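There is one chain below, alone, in structure tokens, taken in the form predicted on its own.
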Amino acid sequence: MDLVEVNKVFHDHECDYYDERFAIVHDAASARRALAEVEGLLGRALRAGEVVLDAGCGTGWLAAGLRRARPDVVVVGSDLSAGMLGKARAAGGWPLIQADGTRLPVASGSVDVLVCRGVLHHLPDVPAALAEWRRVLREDGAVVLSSEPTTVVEQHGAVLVRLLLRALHKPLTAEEDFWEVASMAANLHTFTVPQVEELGRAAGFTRPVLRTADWLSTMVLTASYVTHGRRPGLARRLPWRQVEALAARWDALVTDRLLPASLRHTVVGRLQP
């Protein structure tokens, strides 16, 4: 099974529990957060009538959220996984297309803003994806990247996971173990800011504006993911969404300003031609 197929199979399965494990609720509050995230990284407000493509839209946090927050903007979602697209449609995302991120059925120069949240690290051929995104983008457009993992998030997350596994102490069934392995196989890359800048320039993005962000919010989501997998009854009694929102606020106000860039957990920003 090639890596594209691994990701398709895993995400068709993961779509059934993705929102629960990652504390996602598709409502007005999440729509406001999605819009604030995109516009903050874009460096400007979205304009009425612009075409926004959410490449790798998953369950629709951006595709549905932006459409809900800005109905005057055309938001198109694309994903390799039919299961994820079904969840995105239920969340309010539309129109949606099933496509590989390296072969988008989209006309050249037809997209104003391409948004991509935690997708590059799943793609076997990152240079091909960035080249394809450059093709569909207008000359004055931008690719907005968020939630791409750095190497350090794996190191910090591994410590937290080991502690949680000891505390939760629940062995996995053979099927559960299979999907845990599949989840690891679907995560192909970690990044540094210079690496993403270099990849972007090679694809024709001459003006990268990138930085690292986040620490506490990613640790909260890691804890949520593991706890839901091992002790779902316990996990459902805990207010993950509220805790993650507070953690994200703390990151924005404190962590992103005071923690050294090399210790933050995600690469965020934009790529411009």
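On a predicted model such as this, the values are computed, not experimentally measured, just so you know. Note that residue numbering begins at 1 and tracks the sequence as displayed.
What comes next is about the form predicted in complex with a small molecule, which does not appear here.
Three residues, 46, 76 and 112; all within 4.5 Å of the small molecule in the predicted complex via heavy atoms?
Contact check failed for every one of 46, 76 and 112.
Should residue 84 be counted as a contact of the small molecule in the predicted complex, where contact means heavy atoms within 4.5 Å?
Residue 84: yes, in contact with the small molecule in the predicted complex.
Can you tell me if residue 197 lies within 4.5 angstroms of the small molecule in the predicted complex, counting non-hydrogen atoms only?
Contact with the small molecule, no.
Give a yes/no on whether residue 145 approaches the small molecule to within 4.5 Å in the predicted complex, heavy atoms considered.
Residue 145: no, not in contact with the small molecule in the predicted complex.
Indicate whether residue 141 is a 4.5 Å heavy atom neighbour of the small molecule in the predicted complex.
Residue 141 lies outside the contact set for the small molecule.
Any idea which of 67 to 75, 189 to 197, 97 to 105, 162 to 170 reaches within 4.5 Å of the small molecule in the predicted complex, heavy atoms considered?
Among the listed stretches, the partner-contacting one is 97 to 105.
Of 136, 203, 80, 152, which one comes within 4.5 Å of the small molecule in the predicted complex, counting heavy atoms only?
If I apply the 4.5 Å criterion carefully, the residue I get is 80.
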